[in-house]
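One chain is shown next in structure tokens, namely the form predicted on its own.
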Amino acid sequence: MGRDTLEVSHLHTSFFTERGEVKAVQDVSLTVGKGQVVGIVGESGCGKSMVARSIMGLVRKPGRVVSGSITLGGRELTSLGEKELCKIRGRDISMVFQEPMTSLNPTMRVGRQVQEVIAIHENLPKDEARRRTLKMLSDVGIPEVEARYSAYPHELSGGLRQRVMIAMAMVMKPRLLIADEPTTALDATVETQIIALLRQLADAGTSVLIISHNLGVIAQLADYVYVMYAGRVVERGSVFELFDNPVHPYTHGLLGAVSSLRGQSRVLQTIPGVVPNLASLPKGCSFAPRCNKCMATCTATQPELIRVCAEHEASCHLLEGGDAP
């Protein structure tokens, strides 16, 4: 295992409420290697953002990581206290959260917000910290950095605010960047620019974990993809294998519900039903109530991940007989 490799193994994260245990993440395992872009995709509420928060140590009560292992370069993170985690956040692992307008402090100039990250981790003279901040703002493609340094978040466009968030995340040159829906609410041109920026960061050696419901973003950016449903990974594989040869009925449904990634016009499909309540999951496969290929065994037992090929696994009872959906 490399010093920059993130390894999540059999992660379980739950929220303990008056109505019972809400199983937000169930038995999730994933790996992100140095310079690799790994995507997690799924509908809202599938647990993908909670995987990110578990990695960052940001699951708050009544939630907690119940079991499993999260290591970065072989160092176990789940056993660290808050003080130790604060040293890691921003320095070794950084996260770009959804909605930069609510993530940035509206009363503080953006340059100072980036500079504060440096102050937390390094004791630099103000002039040096300012110089590094300006360089980072420039590196993420923000024009007229001197003027933007002194701007407030509301004075910037959505695309520039997102670049400021990425600058904050990258100013300490972390080993791993987690990007949670980094292109939400951005127009197509700005989305393309943000995707290119994240790809450049990966090409420079930063490991990137991108979380999105947007399959188009995942197809353009990721090297490897995990598909999540109801807190579980139901399919995983290289981006080419998964998009060219989807196996799980849920993955088929997701791909059918978006316009063609190859530019061909076709009728969009829908997935019937709704995501199950994580506090009262159905027995067996959680997707069974919505699946048009459901069999008796699907409602009785939870399927295990089965190897399709060297870079492709899926959790579906249809594979147990050697048949793909």
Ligand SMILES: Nc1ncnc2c1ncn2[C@@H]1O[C@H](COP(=O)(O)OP(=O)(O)OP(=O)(O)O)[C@@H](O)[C@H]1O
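All residue numbers refer to positions in the sequence shown, first residue = 1. Predicted, not measured: the structure shown is a model, and the values here were computed from it.
Another form exists, predicted in complex with the ligand; not displayed. Remarks below refer to it.
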For this session: Please determine, with the chain shown alone, which of 26-34, 65-73, 44-52, 283-291 has non-hydrogen atoms within 4.5 Å of the ligand in the model of the complex.
Result: 44-52
Exercise. Is there a heavy atom of R199 lying 4.5 Å or less from a heavy atom of the ligand in the model of the complex?
Worked result: no
Exercise. Contact between T301 and the ligand in the model of the complex at 4.5 Å, heavy atoms?
Worked result: no
Exercise. Would T78 show up as a contact with the ligand in the model of the complex if we use heavy atoms at 4.5 Å?
Worked result: no
Exercise. Does any heavy atom of L278 come within 4.5 Å of a heavy atom of the ligand in the model of the complex?
Worked result: yes
For this session: Run the contact test on F15, V22 and Q98 with a 4.5 Å heavy atom cut-off to the ligand in the model of the complex and return yes or no.
Result: yes
Seminar exercise, completed: Answer key, the ligand contact in the model of the complex at 4.5 Å (heavy atoms) among K173, H213, R132, R109: the residue is H213
For this session: Only one of E181, E241, D139, E191 comes within 4.5 Å of the ligand in the model of the complex by heavy atoms, so just point that one out.
Result: E181
Exercise. Relative to the ligand in the model of the complex, which residues of 186-201 have a heavy atom no more than 4.5 Å away?
Worked result: none
